[in-house]
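Below, in structure tokens: the form predicted on its own, a single chain.
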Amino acid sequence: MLRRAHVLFLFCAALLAGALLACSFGLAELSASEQAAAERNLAIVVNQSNPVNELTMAELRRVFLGERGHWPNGRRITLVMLEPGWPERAAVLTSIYHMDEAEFNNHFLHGLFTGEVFVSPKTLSTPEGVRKFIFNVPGAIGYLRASDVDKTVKVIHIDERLPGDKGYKLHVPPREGK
């Protein structure tokens, strides 16, 4: 009985080792261009429970501008951004807002004062902080490099495309030192 258990253990260990080897081999086979694309693409991410799977670029802009306060299920939208100085933030300001940092700040100051803006962004210091915040806040939306996304958040389609798809519009410069 002990011998059979030992053989079964060795068999399972060999299967597991083979599966892990196959998985790591598959990851190693990503081409340099695929790895670079994951690094350059900016993913729009929401909480896993958010029923929204897709937005147009115009809808995304309205959400990010704070002109839309609630998701279709009635949950309040919570916008999350990285602090100034992050290349991801600069890419969002350019690609989504069509503003620079000063125009962005003026938009929210004016909008909150006049009541034209329903949502003011929450600013966090790291991509990991953004990911954790979105994981914990059901109405949250933010952005991450595609290479920083994990299973704790949901990537949504923008204009029917995901990061890496041909014609995807949200990109960020490569990280320094990579």
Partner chain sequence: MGREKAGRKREAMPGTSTGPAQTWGRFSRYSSALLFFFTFCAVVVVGLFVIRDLRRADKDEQNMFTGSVLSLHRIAALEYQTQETRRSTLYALGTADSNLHVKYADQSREADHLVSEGIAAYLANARTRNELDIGSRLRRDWSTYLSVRDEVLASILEGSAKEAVDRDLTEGVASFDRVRQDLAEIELIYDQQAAQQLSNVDATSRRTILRVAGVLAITLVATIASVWTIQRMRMTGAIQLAKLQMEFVASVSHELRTPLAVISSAADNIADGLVREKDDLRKYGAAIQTQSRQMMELVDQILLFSATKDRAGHAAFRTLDVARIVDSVIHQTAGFVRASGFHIELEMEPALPSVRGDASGLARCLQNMIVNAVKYGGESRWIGVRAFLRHSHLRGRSEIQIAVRDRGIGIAKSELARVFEPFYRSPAVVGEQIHGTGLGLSLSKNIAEAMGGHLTVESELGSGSVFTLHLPIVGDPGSQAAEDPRVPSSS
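As the structure is a computational prediction, the values presented were derived from the model and not from experiment. Positions refer to the first chain, counted from 1.
Although not depicted, the form predicted in complex with the partner chain is the subject of the following passage.
Student: Within 4.5 Å of the partner chain in the predicted complex, do we find a heavy atom from each of 75, 122 and 136?
Tutor: The answer is yes: all three residues contact the partner (heavy atom, 4.5 Å cut-off).
Student: Does the partner chain come within 4.5 Å of any heavy atom of residue 83 in the predicted complex?
Tutor: Yes, residue 83 sits close enough to the partner chain in the predicted complex that at least one of its heavy atoms falls within 4.5 Å.
Student: Spell out, yes or no, whether the shortest heavy atom distance between residue 132 and the partner chain in the predicted complex is within 4.5 Å.
Tutor: Flag for residue 132 set to yes.
Student: With the partner chain left out here, work out from 55-63, 142-150, 124-132, 107-115 which stretch has heavy atoms within 4.5 Å of it in the predicted complex.
Tutor: Among the candidates, contact is made by 124-132.
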